[in-house]
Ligand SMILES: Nc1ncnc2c1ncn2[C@@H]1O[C@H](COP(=O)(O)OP(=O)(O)O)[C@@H](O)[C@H]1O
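The chain below stands alone, shown as structure tokens; this is the form predicted on its own.
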């Protein structure tokens, strides 16, 4: 289903709330057409990562690229580099007496400061204007298509219709934002739906914001998407409180996919639902993935569901990505102690096997010795990344027989 084209690339993402590092130096990519699972215990930074990708939060540091264009950029790392350079310059003036050495070091540090200032300027521009630059590309594309069509048209009536259509498509292109190609399904279906709006208004809101004014077209799209997610046309005139939890989640999914996104971020879309309904929603997402060619970032803490649904899985702990591998590889050969602890917590449906199940506890201070060398994200095996130092990397390779 998926290919090697990278749709989303997250580089050294940092999301800080004052002194709290909710997400710290997280790097991963998502290939077009795949389901990328993000797992970890509550509070590990999964949801914050998803919300940072869709620009609900302004990221603190790092970069996020979508369809090859940088849509999010933080400046903290560049600001820290400037502060460190100024600190080194001040210290050097106190300890160094040779004017030639001082001049050389000052020139080197000034270059570092100038480069980081340039990076800050570029980061702020990309973060603020990525949507505008994308709209310019769409406007140029629409203009070129219609200019060719108008030049080749000799029928006055057809020409009139073409000009009307061109005007409408140009208006939509001007209002289209790159970030709308990423949509999100939220965890709590009732909290994410406006109780004062009908289902028709909720689902159609994105189309209206994008500049579409043809009411007949909007209604047609709403009815089509309602049937696609397992609801009926009659549901369009009702309000959210008239539906069950599973139906509300279907409305949330319909609101997301009507925009025909390239990437869908599903933030624990089944955790608030009954177990019997969870399977229906997962099956629905699978069907939509095949029918609409969606790429999905699936955030959850239920590992059994993530294994069934995901192609690759990233494991997060305290804001860090500690392991990243394909679904089959991660379950067959978990390497990081925290991943092993998570997998040991999965309950088994067999009571006899459940009694024999060994639970693995994870204590960060006991499991690692980073007094000599700190950890980094390393590719222990092709496609299998673990957050470790050199000694641990050698140990993991022995476990894999490499």
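Numbering follows the first chain given and starts at 1. These numbers were taken from a predicted model, which means no experiment stands behind them.
Below, we turn to the form predicted together with the ligand, even though it does not appear here.
Chemist: Counting non-hydrogen atoms within 4.5 angstroms of the ligand in the model of the complex, say which of 63, 60, 48, 339 makes the cut.
Modeler: Of 63, 60, 48, 339, the residue with a heavy atom within 4.5 Å of the ligand in the model of the complex is 48.
Chemist: So which stretch, 331-339, 38-46, 63-71, 351-359, is the one near the ligand in the model of the complex (non-hydrogen atoms, 4.5 Å)?
Modeler: In the other structure, the partner sits against 38-46.
Chemist: Residue 22 versus the ligand, in the model of the complex: is there a non-hydrogen atom within 4.5 Å?
Modeler: Because a heavy atom of residue 22 falls inside 4.5 Å of the ligand in the model of the complex, the answer is yes.
Chemist: Counting only heavy atoms, which residues in 165-192 are within 4.5 Å of the ligand in the model of the complex?
Modeler: Residues within 4.5 Å: none.
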